[in-house]
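What follows is one chain in structure tokens, specifically the form predicted alone.
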């Protein structure tokens, strides 16, 4: 299977360990990534979209048109990129007048949006095209006795008529994908809460992140698992800000799902860049090392 990875901005520039983990995992699943250096920023589904929606449509359509030239679907590893590219792809496929207007903009750079490919977050592709059974078969070491608090974020599931993943109020995709690693998923009280990254009011953002941390701590999970680098930024680096603001001592390790999957498939902690995380208690690292058991 061949797909085009859309890495976005944050993963290559700030969290390359996430890219390393994805590449490791997909090699084990016999998925070939066809990279293209011509991709730009998605662009951002919140501030850029609010500032100039037609330019937002045009830039996103350009990215999709690049993949259409290769005849390959796009997979995203960032929920924000997923939100932009999926929404634009959906609207341009269903709105002929809008599609014509955007293609008029693209003429100046010799491109055309045709609506011939799909755009999905990688976790959706894994569930729907690869299948849980094949993922489970790729697992070499089971992450038994590790409890992972789930964080969905805002953009993977909503709006449901565009994302078309599952019921956004009762999701299960991340729990299913965590279980195949041997770990135990935990749907804590605030597992559907926004990370707060997009809030312009800093205190509101801190309050939302604090609510998630408290919920995870109350659940007694070992770590917080997620699928978006922006959410990761809010909860890893952001945990330091929350601790200062609320006089707390949260030490909740935050893990990108594909780091967990790569570990279960045989990658080392060095391979997946655990050492680059701001919050990574030694106790959790020991727990990972001692609970890796042969599948």
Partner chain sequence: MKKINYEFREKLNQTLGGFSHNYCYQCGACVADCPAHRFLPEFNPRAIILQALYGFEEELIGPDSMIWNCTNCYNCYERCPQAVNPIEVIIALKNMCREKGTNPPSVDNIIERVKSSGVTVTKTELVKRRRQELGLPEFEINCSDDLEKIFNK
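What you see is a predicted model; the values in this text were computed from it and never measured. Residue numbers count along the first chain shown, from 1.
There is another form of the same protein, the form predicted together with its partner chain; it is not shown, and what comes next is about it.
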Scan 72, 186, 199, 135 and let me know which has any heavy atom within 4.5 Å of its partner chain in the model of the complex.
-> 199
Residue 275: heavy atom within 4.5 Å of its partner chain in the model of the complex?
-> yes
Taking 4.5 angstroms as the cut-off for heavy atoms, does residue 168 touch its partner chain in the model of the complex?
-> yes
With the cut-off set at 4.5 Å between non-hydrogen atoms, does residue 235 touch its partner chain in the model of the complex?
-> no
Indicate whether its partner chain has at least one heavy atom within 4.5 Å of a heavy atom of residue 250 in the model of the complex.
-> no
Which of 117-125, 173-181, 219-227, 160-168 lies within 4.5 Å of its partner chain in the model of the complex, heavy atoms considered? The stretch 160-168
Looking at its partner chain in the model of the complex, is some heavy atom of each of 40, 55 and 155 within 4.5 Å of it?
-> yes
Since the partner is left out here, which residues of 13-47 would have a heavy atom within 4.5 Å of its partner chain in the model of the complex?
-> 13, 14, 16, 17, 19, 20, 23, 37, 38, 39, 40, 41, 44, 45, 46, 47
